[in-house]
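Only one chain comes next, encoded as structure tokens, the form predicted on its own.
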């Protein structure tokens, strides 16, 4: 008996379906793509509770005849491509001929469709890939597809689905991407017959973005427009001061197709490389248009991945377009009269501003001595490299127990960022942001261990609008956010009411802070009930509330910060692992000046 056999067709169909359909959002993606390719100007997605029980997609596209309706349920039946030449120049969203048969293989499917010329529509009922009924029906022109009991014949696959709100969140995010890609189409999303999202047809991309991003600071986004031969980049990107903890709000499209592409992500990040804090990402939407022959969309059954013929050229074009937009936006924002730009200050004043050293009263002579020494300082290339922090072999710096941080003599503040302190055996340089971040983190951690962070009730509750995925995640994480000091209540599918915030967050922007915490959590810092997630959220909370680099401090504030550092078990790094302080020893100093 032969050991190699042909698989039954039903088994092969289920395997193919597993590549195309892995959750309800995949069903919506495939059906919406078919509707767009059919020329629909209005698309409605309705989801039941739970989502896998019922998904309905209605469009007003061209519809199908009875023969086409029956044929579209066969694998590899398509109206998009016919020859190998067509495969190399794909202009439609769908082309593989696997969507409907894959969905039908793992669900109970009902399809109603009618062309504009026909007087009656066609109704097909399919269960597990087998056609059970074919009949005439009354329906409006276009196509309506009901998908019921998804994975009813694959219970193991259904067990992998997430919570109901999570799955609906993925459905909402999927539809949002197509609403951004096709602003001329009216999209609607309903949950259990209740309207949750609606994006009417928009006259322009800018109008569509205003519909979709009401709470993402869209009015400040910068327009992007660049052309390099037959390669064009267009869209909008956020200014540097507007950023998020994840890249979920950066939407990329190639020839109108929503994609997730690492090369394009890196190209955008490169443009912001010196403008954003580490671990922060811009918001925006970018459309890349290039000849279809230069991009391969036949990479994965989900069609969300692409390959480019010339990745380097694309990378450089996207980065240059983003940088030009940022430069133009910065120039318009900070443009000053030419006369003011040509003003010139005295050399000592320039050096003082560059060093930004804050001095206590009665130390004028000491300040002048330091400023005078700057003009005669040796060139940078004459510095002994062995005196740099890296020369210590990577060992952590050690401060003896006596004196402690609070006993150091404060010399001043460098660049409004670093505290300069004199120790018996050298100079201690402390990063004020990292130091305060560590102090706050340890304090928050101690308070969390005993109870929860102190909170402040808001006189007037605030509303917070999130994406569908973020909303689903936050609902599960609400008990943990209560420990952080936030009192948040659901007020709709994607809306929340904020009634209290951490008392320590009042000097910041509590809603912006809460939004960042949710984005960080939704990005995968851990499950809502885990201690790892709480630690990451506490790190972000401490980072946002701590003293920022560039803030001038009073001597009393410096001393208070140093005293708080004393007694901490971890005072060599910030909660993210960055060095908190560095020592320039007397021996290194004397060796540099030739005294050793």
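Since we're looking at a predicted model, the values are computed, not measured. Positions refer to the first chain, counted from 1.
This protein has a second form, the form predicted together with a small molecule, left out of what is shown; the following refers to that one.
- The partner is absent here, but in the predicted complex a heavy atom of 38, alone among 534, 38, 545, 565, sits within 4.5 Å of the small molecule.
- In terms of contact with the small molecule in the predicted complex, the residue from 44, 571, 539, 62 that brings a heavy atom within 4.5 Å is 62.
- Contact check for 77, 94 and 97: all three have a heavy atom within 4.5 Å of the small molecule in the predicted complex.
- In the predicted complex, the small molecule stays beyond 4.5 Å of every heavy atom belonging to residue 26.
- In the predicted complex, residue 143 approaches the small molecule with a heavy atom inside 4.5 Å.
- Although the partner is absent from this view, residue 72 contacts the small molecule in the predicted complex, with a non-hydrogen atom inside 4.5 angstroms.
- In the predicted complex, residue 101 approaches the small molecule with a heavy atom inside 4.5 Å.
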